[in-house]
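As structure tokens, one chain now follows by itself in the form predicted alone.
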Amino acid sequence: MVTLKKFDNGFAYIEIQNLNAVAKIALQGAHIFEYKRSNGEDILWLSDKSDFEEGKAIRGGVPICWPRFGSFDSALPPHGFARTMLFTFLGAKEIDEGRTVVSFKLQDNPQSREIWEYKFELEVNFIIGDTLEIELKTTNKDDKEFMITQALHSYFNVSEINNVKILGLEDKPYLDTLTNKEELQKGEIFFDKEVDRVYQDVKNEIVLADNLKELHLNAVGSSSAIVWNPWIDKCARMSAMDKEAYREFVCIESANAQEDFRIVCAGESHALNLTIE
């Protein structure tokens, strides 16, 4: 079952229910902010203080950072503009009783062309089922090429950050954005301080393990990934986030970031796909 719903302030979202899962996706940013398995397990983390207001980014779920990841391009807002723009809901299709496809689209418009001059089409497709699949497809509708960096900025719910480890990034090079130094990952990733790293040469599965579950992340069309947790001091300063929230989540973002930027030629497309299981 697929239903269009609104919060009291008019903020619109799509709710999907099938035998395997329940999901909620905002029209703003094509932003999935809830994905709950039929056993009641919340896979995605959402801040209790998150804003659901037009023009404000939602804190949690899977924000879409596009056409830039981060704040490396001063001409664009941090993490681009897609996450605060209204997408068109293209429709939904039931594959079977346990899987539902839902699609959204954003096209260039006067607002986007004020800060990014290109003609484009950004399509976001979700498959909601016993796994969560997300496709972020960029099509260049212009007569000249453009460059994109992007990320599926996934916030994952965890039992307690001290219980968490991440596998699959061993021996991968990364930029530590806190020190601006290039490093090499030694062993598994654990958390006892703020972590903000952009990994490169990522070609294999990433596993998020804690005491309650293991999540397996497989990306196609990407060879970079970001691992982030704000820890104590930064969390206390952040908007729409409780000061203890850093204990409840970790971000593992499938991306085209830094050296993994992509050039999309006129008339061509690039797809970033992520499967969470």
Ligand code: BG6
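Note that residue numbering begins at 1 and tracks the sequence as displayed. The structure displayed is predicted, hence computed values, not measured ones.
FYI, the form predicted together with 6-O-phosphono-beta-D-glucopyranose (BG6) isn't displayed, but the following is about it.
May I ask you to choose, among A209, L46, M238, L27, the residue with a heavy atom within 4.5 Å of 6-O-phosphono-beta-D-glucopyranose (BG6) in the predicted bound form?
By the 4.5 Å criterion, the partner-contacting residue is M238.
Could you work out which of D108, E135, D201, D196 is the residue within 4.5 angstroms of 6-O-phosphono-beta-D-glucopyranose (BG6) in the predicted bound form, going by heavy atoms?
Of D108, E135, D201, D196, the residue with a heavy atom within 4.5 Å of 6-O-phosphono-beta-D-glucopyranose (BG6) in the predicted bound form is D196.
Give a yes/no on whether W231 approaches 6-O-phosphono-beta-D-glucopyranose (BG6) to within 4.5 Å in the predicted bound form, heavy atoms considered.
Result no; W231 lies far from 6-O-phosphono-beta-D-glucopyranose (BG6) in the predicted bound form.
I'd like to know whether Y155 contacts 6-O-phosphono-beta-D-glucopyranose (BG6) in the predicted bound form, with contact meaning heavy atoms within 4.5 angstroms.
Contact with 6-O-phosphono-beta-D-glucopyranose (BG6), yes.
With heavy atoms only and a cut-off of 4.5 Å, decide whether W66 touches 6-O-phosphono-beta-D-glucopyranose (BG6) in the predicted bound form.
W66: no, not in contact with 6-O-phosphono-beta-D-glucopyranose (BG6) in the predicted bound form.
Do A225 and 6-O-phosphono-beta-D-glucopyranose (BG6) share at least one heavy atom pair within 4.5 Å in the predicted bound form?
So A225 does not count as contacting 6-O-phosphono-beta-D-glucopyranose (BG6).
Using heavy atoms and a 4.5 Å cut-off, decide whether R59, H79 and R83 all contact 6-O-phosphono-beta-D-glucopyranose (BG6) in the predicted bound form.
Every residue of the spot touches 6-O-phosphono-beta-D-glucopyranose (BG6) in the predicted bound form.
Mind telling me which stretch in 179 to 187, 114 to 122, 97 to 105, 147 to 155 gets its heavy atoms within 4.5 Å of 6-O-phosphono-beta-D-glucopyranose (BG6) in the predicted bound form?
Looking at the partner contacts, the answer comes out as 147 to 155.
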